[in-house]
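To begin, one chain is listed below as structure tokens, in the form predicted alone.
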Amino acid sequence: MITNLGRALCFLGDIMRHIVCGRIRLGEVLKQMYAQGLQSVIIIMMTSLASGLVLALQGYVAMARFGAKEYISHLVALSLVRELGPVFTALIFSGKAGARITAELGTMNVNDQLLATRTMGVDPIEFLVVPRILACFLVLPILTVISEMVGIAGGYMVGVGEAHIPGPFYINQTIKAIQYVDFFSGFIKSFFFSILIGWVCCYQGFTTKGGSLGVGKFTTKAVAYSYIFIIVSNTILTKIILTFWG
């Protein structure tokens, strides 16, 4: 366990060294951004819409008892922007794009394509890993913002259609509810999650062994580890953010 952790940290250090030294293939980064974003955006939007609808429905039932249904917008907006948006988006992204990254690199590894890349004088970390890491880092925050907007739109549908709250009032209350610290706390989390997902999935793919069965095994491990790291890191980041910014 400790040995694997040490290897993973060395792997991350090697990636950071390539990035700091400017050994970045921009074309490959753009290709990965397109592939990862396109693969995940639809399911993320569907999940966010459902989350916004459910939050608003549950909030309406609870708050109507106290005559405070106008605060549904606060509940939906703050829940999505601070917590649910970044976390749900990261979990779905790791299950879709993260699994794809691990499977691609794992297949290349068991078929000796990574070795062939080195033989041709091309660093596989520079050519294959760095673009995927950077794409994760750039795509996930964008997907998080899309997720939050769609979720808030779902809450708006319930607030206006079910709770009969005037549309302009609902939008105004939503804008008032979200402070800069609320938005940026979730936005910052998405950057940490993107690094964790890219690191874990690339490392598992890069170290895959055992043929085609090994690809499936390491892909499953990558997604499971990503889920665990996202949930644990979210708890730590939430505590830090609340301690310093409230």
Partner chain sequence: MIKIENLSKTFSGKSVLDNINLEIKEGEILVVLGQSGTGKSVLLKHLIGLLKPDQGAIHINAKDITCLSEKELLKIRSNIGYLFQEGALYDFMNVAENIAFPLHEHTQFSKKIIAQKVTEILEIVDLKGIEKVYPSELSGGMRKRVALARAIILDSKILFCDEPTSGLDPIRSRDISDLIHDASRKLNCTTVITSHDIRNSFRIADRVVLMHGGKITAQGTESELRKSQDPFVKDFLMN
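Please read all numbers here as calculations on a predicted model, not as lab measurements. Residue numbers count along the first chain shown, from 1.
The same protein also exists as the form predicted in complex with its partner chain; that form is not shown, yet it is the one meant from here on.
- The closest non-hydrogen atom of residue 162 lies beyond 4.5 Å of its partner chain in the predicted bound form.
- Residue 123 belongs to the set of residues with a heavy atom inside 4.5 Å of its partner chain in the predicted bound form.
- Contact annotation for residue 128: at least one heavy atom lies within 4.5 Å of its partner chain in the predicted bound form.
- For residue 116, a non-hydrogen atom is located within 4.5 Å of its partner chain in the predicted bound form, even though that partner is not displayed.
- Exactly one listed residue, out of 108, 92, 158, 99, brings a non-hydrogen atom to within 4.5 Å of its partner chain in the predicted bound form: 108.
- Of the candidate stretches 172-180, 81-89, 108-116, 143-151, only 108-116 has residues with heavy atoms within 4.5 Å of its partner chain in the predicted bound form.
- Contacts to its partner chain in the predicted bound form (heavy atom within 4.5 Å) from stretch 6-43: 25 only.
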